[in-house]
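The chain below stands alone and is given as structure tokens, in the form predicted on its own.
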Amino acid sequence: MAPKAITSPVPDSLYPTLSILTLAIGLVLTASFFIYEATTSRKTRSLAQELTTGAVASVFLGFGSLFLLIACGVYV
């Protein structure tokens, strides 16, 4: 019994599309975070909303960077 080769659950042809999509979502969320910070006063800000928006934007930008590197041929 030969061991199975490790394969990606995502087809290689989808890496560029996934990188553009996830980076775009991450940038939109980052922009909404900055707009929220600039337009609300200190007394009305919500820490939970800031942390949630920042964390979700960070996840999308992280996966977008990963897919971009893989699409360019840098296997990390």
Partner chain sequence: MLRFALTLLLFTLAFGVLSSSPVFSDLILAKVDRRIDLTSQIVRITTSLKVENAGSNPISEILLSFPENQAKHLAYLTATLNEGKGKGKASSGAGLPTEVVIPKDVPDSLTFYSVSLHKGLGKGESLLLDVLAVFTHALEPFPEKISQADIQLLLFQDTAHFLSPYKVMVQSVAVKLPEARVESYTKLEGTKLSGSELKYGPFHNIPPFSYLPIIIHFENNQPFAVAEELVREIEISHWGNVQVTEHYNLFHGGAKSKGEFSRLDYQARPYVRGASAFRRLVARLPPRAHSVYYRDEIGNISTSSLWGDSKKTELEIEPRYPLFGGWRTAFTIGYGLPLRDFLFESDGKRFLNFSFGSPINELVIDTLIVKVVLPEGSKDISASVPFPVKQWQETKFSHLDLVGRPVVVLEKNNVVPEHNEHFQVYYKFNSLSMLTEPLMLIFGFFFLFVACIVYMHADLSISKSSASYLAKVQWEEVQATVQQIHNIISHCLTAHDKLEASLRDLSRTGDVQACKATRKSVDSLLKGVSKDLKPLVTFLQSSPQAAHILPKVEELIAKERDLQERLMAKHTTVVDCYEKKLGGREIENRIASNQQKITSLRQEVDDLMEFIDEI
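Positions refer to the first chain, counted from 1. Computed from a predicted model, the values in this text were never measured in an experiment.
Beyond what is shown, the protein has a form predicted in complex with the partner chain; the following relates to that form.
- Put simply, residue 57 is close to the partner chain in the model of the complex: some heavy atom of it is within 4.5 Å.
- At a distance threshold of 4.5 angstroms between non-hydrogen atoms, residue 62 is in contact with the partner chain in the model of the complex.
- Proximity of residue 66 to the partner chain in the model of the complex: non-hydrogen atoms within 4.5 Å are present.
- Residues are counted as partner-facing when one of their heavy atoms sits within 4.5 Å of the partner chain in the model of the complex; in 2-34 these are 2, 3, 4, 5, 6, 7, 8, 9, 12, 15, 30, 33, 34, in sequence order.
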